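Just the one chain here, the form predicted on its own, laid out as structure tokens.
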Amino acid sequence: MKLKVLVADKFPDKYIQQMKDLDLEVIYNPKLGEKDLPEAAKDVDIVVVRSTIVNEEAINYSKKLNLIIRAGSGVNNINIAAANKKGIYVTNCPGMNAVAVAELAIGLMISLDRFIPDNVSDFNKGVWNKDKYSKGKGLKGKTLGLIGVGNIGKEVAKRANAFEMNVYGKDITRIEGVQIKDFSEMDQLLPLCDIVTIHLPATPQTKGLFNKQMFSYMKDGAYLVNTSRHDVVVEDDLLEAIKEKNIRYACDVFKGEPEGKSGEVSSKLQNNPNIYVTHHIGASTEQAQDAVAEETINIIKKFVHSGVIEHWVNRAKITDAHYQLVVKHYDKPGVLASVLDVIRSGQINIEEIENIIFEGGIAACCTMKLQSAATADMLKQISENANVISVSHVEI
């Protein structure tokens, strides 16, 4: 029986065909929304989404779902907690759209500085306003603060350096391998910056990060660009800072963004001369979509052919394992079963297990992470098995 794959967002046709070439049954329905997904995904093995929300109902209602792929870098539109409870793998495609988002961030900086949207709007209205729009500051020599120096932030840094900007950075974790200075505190960084650009994931640590206090650190007339997640910025505090400090803001994300691909939109950010908003298009270049699609195909191939889960985001980083048992054995039927029987007899839970075969297929090595220690008697029982080569047991 063929594995079923549901692609619930727009996906390049040639990569849909590549899925079919893997002998998969592919259901392509890019117009599905959050409410449609539970019914659409109930009998599929793999779900591929970009922005479509995979909620708890969709996960719980599924009968065969085993893998959810976010064709993008984040996974905030997937209910990870629900997936964990059902043992469903969640993966993503990190870094594949970094250049596209970085290009948009730079474009928004230039737009803020040169009033490009207003220029175009006035021209289309038959208004000529050269004097008003001839007051750009220029980016050369300006100080740029990168808030988030991951894949996207690093690509922004490269482009900003080409503009001869002074680039500084602040990340959730320590910055390595980037030719920029790392500031430990935002109150030291923000007052230096003419432009601040945000490239952070949505986490409890980053939610509401740019609030009234953060805006108080920023220069009057500074530019703020957000191409990451809307809830990093407190919109009410932003609007107040615009009034008080003439901050100019450009973003690709905002609170209440429509889930659909077209229709009406309403936001408190509308009709403010200091705000430019794009339609969540940061990753939506042909180059980026092809890169993400290629990585999605790679994830599916490895999952189908070898069971390897690339970019597995909901694998436990910390387990209850405190001991490691390594058993080298002959690769014969029943050998591992006998070892596991001994461990089971001691009521010991195995947190992780990996069995690797040596070239030639004669010997193998099984590594087990155990919740509690195996007794000397259990180790003796395992060692006495004629098909066991060696046994190693250590505390970790």
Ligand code: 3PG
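Just so you know, these numbers come straight off a predicted model, no measurement behind them. A residue's number is simply how far along the shown sequence it sits, counting from 1.
The following text describes the form predicted together with 3-phosphoglyceric acid (3PG), which does not appear among the structures shown.
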query	finding
S51: touches 3-phosphoglyceric acid (3PG) in the model of the complex, heavy atom cutoff 4.5 angstroms	yes
is_contact(V90, 3-phosphoglyceric acid (3PG)) in the model of the complex, heavy atom dist at most 4.5 Å	no
Proximity of K137 to 3-phosphoglyceric acid (3PG) in the model of the complex, heavy atoms at 4.5 Å	no
Proximity of H280 to 3-phosphoglyceric acid (3PG) in the model of the complex, heavy atoms at 4.5 Å	yes
Triple contact flag N151, T197 and H199 to 3-phosphoglyceric acid (3PG) in the model of the complex, non-hydrogen atom at 4.5 angstroms	no
In the model of the complex, segment of 295-303, 73-81, 125-133, 312-320 with a heavy atom within 4.5 Å of 3-phosphoglyceric acid (3PG)	73-81
In the model of the complex, the one of T206, S284, T143, N274 near 3-phosphoglyceric acid (3PG) [non-hydrogen atom within 4.5 angstroms]	S284
Position in contact with 3-phosphoglyceric acid (3PG) when the complex is considered in the model of the complex, options R229, R248, R114, K219, heavy atoms within 4.5 Å	R229
